[in-house]
Every structure is written in C-alpha cells, then in structure tokens.
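Next up: just one chain, as structure tokens, the form predicted alone.
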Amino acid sequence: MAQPASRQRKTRANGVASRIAILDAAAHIAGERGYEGTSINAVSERSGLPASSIYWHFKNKDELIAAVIDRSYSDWIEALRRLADQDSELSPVEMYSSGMRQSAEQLIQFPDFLRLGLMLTLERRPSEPTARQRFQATRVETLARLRRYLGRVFESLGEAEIEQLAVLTLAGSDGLFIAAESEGIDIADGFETLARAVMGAAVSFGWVRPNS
C-alpha cells in the first residue's frame, strides 16, 4: 500500500535534514581532527544520528568526506555567482583585486572544501580515492574559472600568459589560506594584496601596461 503524499513529503524532509546534520558534523570534526581523526562513530555522536543512518546516506567515510567537499565548494561557487556583477568603471587591477577580495570573503564562509582538500593532498593518503578525486575536480574547475576571469579582466593577454597568472593566483591563494588557518592573518586583505602582486608580475613581464 502506497504511503500518503504527506507522509512521503515528511520522509523526504527528514532524509534531507539528516543528510545536512551528518555533513555538518563531518565538516566540524574533519576541520578539528583531519581526515584520519574523522570516524563514522564520531560523526554519529556529533550529529545525534545512529551510524546506520549515516551508512544509509554514505557508503563509507571516503564518500562522506567527498560530499562535504562537494557541498562546500558548490556553496562557495554559488556565492561567487551572486557577486559576479562588477562595476564596469573599474580598472582591470581594481576589478581583479575586488574579485579576489570577494572570493576570500566567501571562502571564510565556506572553507571546508579547501581545508579538507589540502589535508588530503599533503597527507598523500591512498585510501580516500573519492574525496581526493572530488577535490582534484574542484581544482580543475577553479583553474578554468580563473582563466575565464583573467581573460575578461586582461583582454589583451594570450593563453600562455593567462595560464601562468591563473596558476600563480591559485598557488598564492592556497598559501594565504594556510597562513590564515595557522597564523590568523586577514585572508581578505591577503587575497587583495595577492591580486596586486599578480598584476605587478604581469606588468614586469610586459604583458599589461602599468595603471591599465
């Protein structure tokens, strides 16, 4: 006998709420203890849900951490989309530095994908293929977005120059994120300074004109 529609809706809502609670708990624990220190039992205790509920949503810890990365990255990208409209009167350097500051400010709100992804990258653990692959996919997507953004800001640059600036921006962003996590620097100020440093590099190589 089929369930009434109201009961089906309640079941789906409960399932969504449980998944959110599990992801929130996993994100908090992984942020505190890293991948190794995160366990299904710890997530169960933090979320208040039985382990069976966690396994109903996720096959194992690897898939759970991958889902945390995916949610955090998706939230970050969505926040940046909402801030995508730039003042057309801004100069390229102002547009670039403003965009970088906005990126940092949203990263403060949604840091889990980068925090966990960098942990997995530095630990070089072989046992979390899904989570590692998801983070690697975010890197590919982020670099592609950086290339497109830099191409809009600096229309005169060729693909090779855009690629170098995109890689420099991503590497610098990683370092600033780690510094913010470990030393408490202002990451928004850091990202804006990084943008100006990247612009300075482009000028020094003669790729763009000063004050353009």
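Throughout, we count residues from 1 along the sequence that is shown. Computed from a predicted model, the values in this text were never measured in an experiment.
This protein has a second form, the form predicted together with a further copy of the same chain, left out of what is shown; the following refers to that one.
For Q164, a non-hydrogen atom is located within 4.5 Å of a further copy of the same chain in the predicted bound form, even though that partner is not displayed. Although the partner is absent here, R33 sits close enough that one of its heavy atoms falls within 4.5 Å of a further copy of the same chain in the predicted bound form. Contact annotation: I20 falls outside 4.5 Å of a further copy of the same chain in the predicted bound form, judged by heavy atom distances. In the predicted bound form, a further copy of the same chain stays beyond 4.5 Å of every heavy atom belonging to R81.
Remark: all three candidate residues (L143, D174 and L194) come within 4.5 Å of a further copy of the same chain in the predicted bound form, counting heavy atoms only.
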